[in-house]
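The chain below stands alone, shown as structure tokens; this is the form predicted alone.
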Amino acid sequence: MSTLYFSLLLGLPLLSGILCAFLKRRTLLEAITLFSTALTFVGALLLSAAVLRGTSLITPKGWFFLDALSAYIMLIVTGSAFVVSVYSIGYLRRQIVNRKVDAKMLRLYYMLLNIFLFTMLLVLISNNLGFLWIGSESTTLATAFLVAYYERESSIEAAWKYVIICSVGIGLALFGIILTYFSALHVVSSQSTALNWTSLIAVANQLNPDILKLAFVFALVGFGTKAGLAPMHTWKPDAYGEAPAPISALMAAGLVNVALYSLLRFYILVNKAVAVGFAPTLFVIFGLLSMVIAVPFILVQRDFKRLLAYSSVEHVGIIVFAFGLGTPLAYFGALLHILNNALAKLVLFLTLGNVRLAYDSKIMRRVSGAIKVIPVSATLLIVGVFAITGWPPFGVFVSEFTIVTAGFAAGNIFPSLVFIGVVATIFVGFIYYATQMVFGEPHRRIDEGDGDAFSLILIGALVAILFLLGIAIPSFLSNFIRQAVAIVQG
């Protein structure tokens, strides 16, 4: 039965993507994508509920596997895809009216959106590290055409940069997988299962630690590149800046977390096979480096989509830093932050999508007086900025406070102080840019026209969830995260 459920979970977005490639009517493209993403999210909920009732799900031949960690990330990814598919309807309709998108481009968008979701799910439910790698590389191919969607010179350049850098990174990750296979070849019961996660974790303490250290370095650079971890982040500002706003949102809320999940699998394996401290130390170093590198680029930024890209670099750093602390409290904070950051990024990318449509620009100095032009979106923008910068009472504050508390408790005083300094500095930069865009008088005449009502309600619901997560973490979510923490602990 689990084979059927996994097949349906993968089959829905894949079939929808194929159908969208041959359909021309806008309403059919919208309906199929909306139905597919909604049903996929429901399927992810049902599978996650089954995981929480037991230990894990695995197909008879061991191809697909789901535990609390992969189920948690899967819910965030499928939920984000559903939100993006809902928002895309109004967003693309306005782009059609403005003659930015034609029928051919519309068909391409919905086809690739569904394929993108399929490739992310392939990573999350694959038991075999080889299939995980194939899924990771496929996400690059699916999103590259979306980065180049508007076929501007800057879009095509960003897409090529994205493909080249991420493909090189994933190529290095492949070396890590090959080394892991070599280490396990004479340890596992069958060579055919030497790349299966369930087989590897069962014999982790028998694997060659020196080979695994080298494998982890390759995996860190490879999947770290895909996550946008500094200094391998250089593709991210260009790709996020040029892709359509809903796709940028899904890359920040979905793709980044899928890459982090892949990296975490190696982190768990190495922690069991290698002396304590190797992988966590690298995580702390690269996490802090990402946070620090993001600061100057945020403070001197002109493009609001690139601003959010560097914010993503910062928050990936926060998550990796938290995992590097290596304590249950830090793991809890990191996993909670994955959810909070995804919600906040959806709010900001989608809200700024409305800003882009209204002002026909993503350059911040050309946007002013938004509160008078698009009052609801402008209000959501200010609230979203407070949320993403860790201001109470939003969920990001709770997860960041949990992480820094874990840092001090573990004796990492200096890194925790750096953490606080980076967060405070970025808060100042974000507030400055947001107030410049929202308040004052418009520099030129802008026809008043906010986003469609349904999209605004959707973004408002995301803000409400962020607020509620800052007040109290529901017991079911806390239990879910604690089960995922147990997986990370090994």
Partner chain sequence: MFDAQSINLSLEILAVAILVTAFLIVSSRSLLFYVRLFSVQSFLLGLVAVVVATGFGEFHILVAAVLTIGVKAIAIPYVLNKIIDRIKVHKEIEFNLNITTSLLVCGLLVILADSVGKPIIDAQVMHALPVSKVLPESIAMMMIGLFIMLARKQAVSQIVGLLTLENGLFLSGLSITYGMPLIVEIGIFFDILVAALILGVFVFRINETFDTVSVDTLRRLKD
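This one's a predicted model, so the numbers in the text were calculated from it and none came from an experiment. Positions refer to the first chain, counted from 1.
Missing here is the form predicted in complex with the partner chain; even so, the following discussion is about that form.
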Exercise. For Gln191, is any heavy atom within 4.5 Å of the partner chain in the model of the complex, or not?
Worked result: yes
Exercise. Do Ile285 and the partner chain share at least one heavy atom pair within 4.5 Å in the model of the complex?
Worked result: no
For this session: Indicate whether the partner chain has at least one heavy atom within 4.5 Å of a heavy atom of Leu185 in the model of the complex.
Result: yes
For this session: Flag Asn412 as yes or no: does it have a non-hydrogen atom within 4.5 angstroms of any non-hydrogen atom of the partner chain in the model of the complex?
Result: no
For this session: Decide if the three candidate residues Phe145, Leu174 and Tyr310 all line the partner chain in the model of the complex, where lining means a heavy atom within 4.5 Å.
Result: yes
Seminar exercise, completed: the partner chain in the model of the complex has a heavy atom of only one listed residue within 4.5 Å, and of Arg265, Lys161, His337, Arg107 that residue is Lys161
Exercise. Tell me, which of Thr281, Ser167, Thr198, Thr327 has a heavy atom within 4.5 angstroms of the partner chain in the model of the complex?
Worked result: Ser167
Exercise. Can you say which of 67-75, 272-280, 235-243, 81-89 gets within 4.5 Å of the partner chain in the model of the complex, counting heavy atoms only?
Worked result: 235-243
Exercise. Can you tell me which residues in 284-309 come within 4.5 angstroms of the partner chain in the model of the complex, by heavy atoms?
Worked result: Phe297, Gln301, Arg306
